[in-house]
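The form predicted alone is given below as one chain in structure tokens.
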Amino acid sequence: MVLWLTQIIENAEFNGGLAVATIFRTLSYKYQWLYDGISSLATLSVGGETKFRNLALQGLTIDSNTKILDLCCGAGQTTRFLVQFSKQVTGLDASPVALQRASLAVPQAQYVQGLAEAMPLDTQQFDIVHSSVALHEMETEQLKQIFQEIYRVLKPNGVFTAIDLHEPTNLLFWPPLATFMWLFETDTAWQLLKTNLVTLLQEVGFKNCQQTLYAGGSLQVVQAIR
């Protein structure tokens, strides 16, 4: 059965799946209501969007003065949850369109345009750097550069926390994940399933790296200390 699922996934990835994903991705990014709807459906496996957005924050001490960077914030889907904890939230994204939407949706935060692998931000500036389902958009070499930048902008003992896709440990979660990725994701997402984020973080110098799996292993929360 494992071999059968693997073959389905490989066929989806290499036999037209990426072309289909490109079409649906373009539509979802063009129409915010479509993106939000897809996001809401995808979070049902962990109990809904509110629970999903808070998974990566579990165990962290946050107050109104905690400086948080919402890395690759997009249109502010996670930012609107972060500002409920802190008054010092900064969203960073490469897309000016996304940042414009975020600033309208969540005006309580500050926003900076820039690449995650070359952040226009000061060194040792943040207590927490948070990433929500953005790492799977990056090539492996990009991830290494991004983790180096995260290490740079975090204060000593600051925390990097992220939630993203993971290779399911429960076979029942392979079909829905494969379908979702076939429709909306590209090759970098498939690469992430084979990437050990904890190892990459440790190579940069992060310590106390922890990984927690949810939704049959199809989601991972990774936390690491600078």
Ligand SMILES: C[S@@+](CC[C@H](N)C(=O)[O-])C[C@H]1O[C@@H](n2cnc3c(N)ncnc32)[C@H](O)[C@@H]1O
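Everything numeric in this text was worked out from a predicted model, so none of it was measured. Residue numbers run from 1 along the displayed sequence.
Below, we refer to the form predicted together with the named molecule, which is not included among the displayed structures.
Asker: Contact check in the model of the complex: Ala98, Ala134 and Gln142 versus the named molecule, with a cutoff of 4.5 Å between any heavy atoms. Do all three pass?
Answerer: Verified in the model of the complex; spot residues all in contact, yes.
Asker: Would Arg53 count as touching the named molecule in the model of the complex under a 4.5 Å heavy atom rule?
Answerer: Residue-level check for Arg53: yes, a contact with the named molecule.
Asker: Examine Cys72 and determine whether its closest non-hydrogen atom to the named molecule in the model of the complex is within 4.5 angstroms.
Answerer: Output for Cys72 is yes: heavy atoms within 4.5 Å of the named molecule.
Asker: Can you tell me whether Ala116 touches the named molecule? I mean in the model of the complex, with a 4.5 angstroms heavy atom cut-off.
Answerer: Taking the distances in the model of the complex, the answer for Ala116 is yes, it comes within 4.5 Å of the named molecule.
Asker: Since only the chain is shown here, I'm wondering whether Val153 would be in contact with the named molecule in the model of the complex (any heavy atom pair within 4.5 Å).
Answerer: Although the named molecule is absent here, Val153 would stay clear of it in the model of the complex, with no heavy atoms inside 4.5 Å.
Asker: Taking the named molecule in the model of the complex, which residues of 69-95 have any heavy atom within 4.5 Å of it?
Answerer: Heavy-atom contacts within 4.5 Å come from Cys72, Cys73, Gly74, Gln77, Thr78, Leu92, Asp93, Ala94, Ser95.
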